[in-house]
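Next up: a single chain in C-alpha cells, the form predicted on its own.
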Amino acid sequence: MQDHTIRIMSEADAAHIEFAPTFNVAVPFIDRHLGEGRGAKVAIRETPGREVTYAELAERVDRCGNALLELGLGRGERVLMMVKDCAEFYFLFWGAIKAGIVPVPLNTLLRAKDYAFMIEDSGCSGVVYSPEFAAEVEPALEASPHKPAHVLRTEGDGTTLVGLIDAAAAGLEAAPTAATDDCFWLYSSGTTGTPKGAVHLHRDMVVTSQFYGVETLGVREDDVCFSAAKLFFAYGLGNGMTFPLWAGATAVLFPARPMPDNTLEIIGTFKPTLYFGVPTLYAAQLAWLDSHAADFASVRYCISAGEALPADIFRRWKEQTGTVILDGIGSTEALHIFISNTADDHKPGTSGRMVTGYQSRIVDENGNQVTPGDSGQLMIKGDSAAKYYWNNPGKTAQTMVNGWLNTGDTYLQDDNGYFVYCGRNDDMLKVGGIWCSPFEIEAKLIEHPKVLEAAVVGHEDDHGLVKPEAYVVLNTPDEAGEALEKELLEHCKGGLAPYKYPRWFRFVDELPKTATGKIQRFRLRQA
C-alpha cells in the first residue's frame, strides 16, 4: 500500500510540511476520513436539501476517477470544469486528481470568447459543464480551433457525468504522484488582461488548509462552512471545499448567484459557524440589513478577501451583526490567503499579519527592501505558490522571481507589524509628486452614509497633471447631483491630505469587477 503521509514541522522561526515520496492529495482529503470514522458524517449540504456523507463522497470520487479513465483520459491531461457549486464539482475535481488527471475549474460567469481562449490555451482533453452554462460553453467549443476529445454535461439527456459515475466501478487506487507534481490549474481572474493558467501542485492545498484554515482561522471538525465566494476561484475553493474537508467539517454549497437576501437566508437556515464573503457583498448586505432582520447566532466569525476591506465596513458589520470580519490578502498564484487578521489579533483597515508558513518582503522598483513604514511592492514566499503559468514563460519570469511571488499589490507595514493595503502596483497615483493610494481615498468615501462603493483612478486635469477621480455607487441613486458632490468633497477634505481628495465625482450604477470582487480600475481609466 502506498504511503501518502505528511509531517507538519513547526520551528521557532519557520514552519513547513514534509510529504511522503509518493503523495496523491486526494488520499488525505477524501480517503482519510473513512479510516478516521467519519463515513456517516455529512460532508456536503447542498441547497435546497441534498446531503452527501463522507462515505458517499469517497465512493463517488472513486467512481468518477474510474469513469474518466474509462473514457481514455491519461495522466497529466486537462479537464476543464464549468461546473456550478454542487456535489458533482467535488466528485469531478477529486476524482480527476486521484486518477492522475488535472482538473481546471473555470469561472462560470465568463462568456464564450473567454472559454474559447481557455479551451485553446489549455489544450484540454475534456470539458465538463453544468447545463446552466450551455449557452456560453457550446459556442466556445465550436469557435475554438482546439477540439477536446470528450465533452460532457454534468446531467440531463444523453451521456452525462452523473450517468458515467453511476455506471463506473467503485474502488480506485490513487495514481502514484509526488507532492511536487502538477495537480490542478486555476486561471487568474484577469484584472489587467488575458487570464493566465496558474499550475498548482499536490502539496499546495495541504499547505493552505493547514497553515491558514486550521492554524489561522481555527477551522475544526464541528464547523459548518458557507462561502458566498464560488468554488471556481482560489478563495472559494479553500473556503467551500478544502478547508472543511481537511478538518473533517461540513460545507454548505449554494449554486445560485450570491445576493444579499439569499446569502443571509442561507445563514439563517443552514446555521454556518464560518461565513466567507467579499467586501462588495458585505457592503450590499449591510444595506439590506438596514431594513431586514437576519440571524447570525451560529456564526463564530466572518472572513473577507478579494479586495481590501474598508475599516468602516468592519465597524458597521460588527455593530449590525455582532460578529467580526477577518480580512486578509491572498492570490490565485498563492492559492489562498497569506496575510490575515485573526480572531485574537485584528486591526480594522489592515490585512493583518503574516500567516504561518509564509514570508514577505516589501521592495521598491529596483527590488530593494524599503524603509519600514514606506510603501512598495509586496513579495511573498510559501509552499502553496504555483509552479508556473501554463504556456506563458514571460509572465512566469515577471511574477515568480527566485522563489518569490510578486503579488502586484502595493503595501506598507505599520509600526505594529500590520500590513496596510495601498492598491495595486499599477493603480497607485502620483499627485503633486507624492505617491497616493486609491484605496485610502475609497475607504474615506465609503465612510459617508450615502456611499455604497467607490473606486478612485488618476485623471489628467487641463494642465496634464494627474489628480484623483472618484467613481461612486450610491445607496440611493436618485441622490446624485452637485449638492452631493460638494458634500462628498467636504467629507474627504475633512480626513485626507489636500492632494488626496477627489477633483471629480462620477456617479455610476456599478463598478467593473473580476469574479473575485476586485475592482478593475484599469477599465475606469479607459472610460
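Heads up: residue numbers just count along the shown sequence, starting at 1. Here the structure is a predicted model, which is why all the values come from computation and not from measurement.
There is also a form predicted in complex with a small molecule; it is not shown, and the following applies to it.
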item	value
Candidate stretches 417 to 425, 312 to 320, 285 to 293, 108 to 116 - the one whose heavy atoms come within 4.5 Å of the small molecule in the model of the complex	417 to 425
4.5 Å heavy atom contact, residue 204 to the small molecule in the model of the complex	no
Distance check, residue 95 to the small molecule in the model of the complex, heavy atom within 4.5 Å	no
Any non-hydrogen atom of residue 91 within 4.5 angstroms of the small molecule in the model of the complex	no
Residue 211 within 4.5 Å of the small molecule in the model of the complex, heavy atoms	no
Joint contact, 234, 308 and 328 to the small molecule in the model of the complex, by non-hydrogen atom at 4.5 Å	yes
Among the candidates 75, 147, 430, 257, the residue which, in the model of the complex, approaches the small molecule to within 4.5 Å (heavy atoms)	430
337, 83, 251, 454 - the one with a heavy atom within 4.5 Å of the small molecule in the model of the complex	337
